[in-house]
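Below: one protein chain in two forms, given as structure tokens, structure 1 then structure 2.
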Structure 1
Amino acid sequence: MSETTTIVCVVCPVSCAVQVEFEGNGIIRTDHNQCKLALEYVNDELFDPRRTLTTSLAVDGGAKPLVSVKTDHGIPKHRVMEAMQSLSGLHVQAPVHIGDVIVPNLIGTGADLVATRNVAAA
């Protein structure tokens, strides 16, 4: 039994509203996409949507109160809020360096949470 949905492709500014017919883990057909680049995007969005999570963490003993962080790969979209919840209350000790791994394998996604800026000790 196939299903149909619409996904806006964000690969380029054209922003095609792609109509997708799919069944199980496979796309049967797409419509309203102006180019082929949409296919890979739509496939990912449909079956394994991922997002890079960017946020900040409280710093103890730092020249700044916060350090910005990101996941080094996309994590499943539906686990983003769960990842945020897991970081609740987490404090990082200064100094922090850009690229430092703060949380390895964040909630088992395989992605590491890394610092995206330097924060010197106060």
Structure 2
Amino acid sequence: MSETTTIVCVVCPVSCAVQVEFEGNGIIRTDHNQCKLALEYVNDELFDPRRTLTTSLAVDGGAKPLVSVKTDHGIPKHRVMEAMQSLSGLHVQAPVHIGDVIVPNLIGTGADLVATRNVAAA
């Protein structure tokens, strides 16, 4: 039996409220999307939702106490809390440069955790 839901597409500034009818792992039909980009977004959001994880980590010996970090691509949404827990208590040694890989292959997701800010040594 098919289900219906509405997903707001965030691919472009229009933010279409796409109505989706789906069954199992397949989309039957969509409505109210103004472009084709919404179809891939809706499919991913329904069947494999991913999020970019952003947070801050403590810096030892740095001119600033924290460095901002993010994953280089989305990780499975249901694993975001697990990823955050794995970072609990992690400290980074200064200096840190934008793009430095802080944690490669975060919790086996294939996504690297990278610095998004420079922090000089104190």
Partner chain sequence: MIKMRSADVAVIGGGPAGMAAAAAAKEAGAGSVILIERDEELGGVLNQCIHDGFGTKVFKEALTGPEYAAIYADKVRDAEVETRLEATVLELTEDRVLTVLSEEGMETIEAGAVVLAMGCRERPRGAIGIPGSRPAGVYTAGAVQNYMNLRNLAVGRRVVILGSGDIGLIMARRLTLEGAEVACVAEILPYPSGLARNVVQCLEDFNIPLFLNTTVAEIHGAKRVEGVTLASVSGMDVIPGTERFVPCDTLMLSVGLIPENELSRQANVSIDRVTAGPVVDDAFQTSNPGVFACGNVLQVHDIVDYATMEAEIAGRSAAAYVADGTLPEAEIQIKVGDGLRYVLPSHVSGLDAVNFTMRVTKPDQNRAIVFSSGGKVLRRLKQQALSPASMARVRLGKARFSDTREILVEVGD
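Treat the numbers as computed from the prediction; the structure is a model and nothing was measured. Rigid core here is just the name for the largest C-alpha set that superposes within 1.5 Å across the two forms. Residues are numbered by position in structure 1's sequence, first residue being 1.
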Any idea which of the pair is the form predicted together with its partner chain?
1
Hinge residue among Asn33, Gln93, Ala63, Phe47 (rigid parts rotating between structures 1 and 2)
Phe47
Expressed in °, what is the rotation of the smaller rigid part against the larger between structures 1 and 2?
16
Rigid core superposed: how many angstrom does the CA of Thr6 shift between structures 1 and 2?
3.4
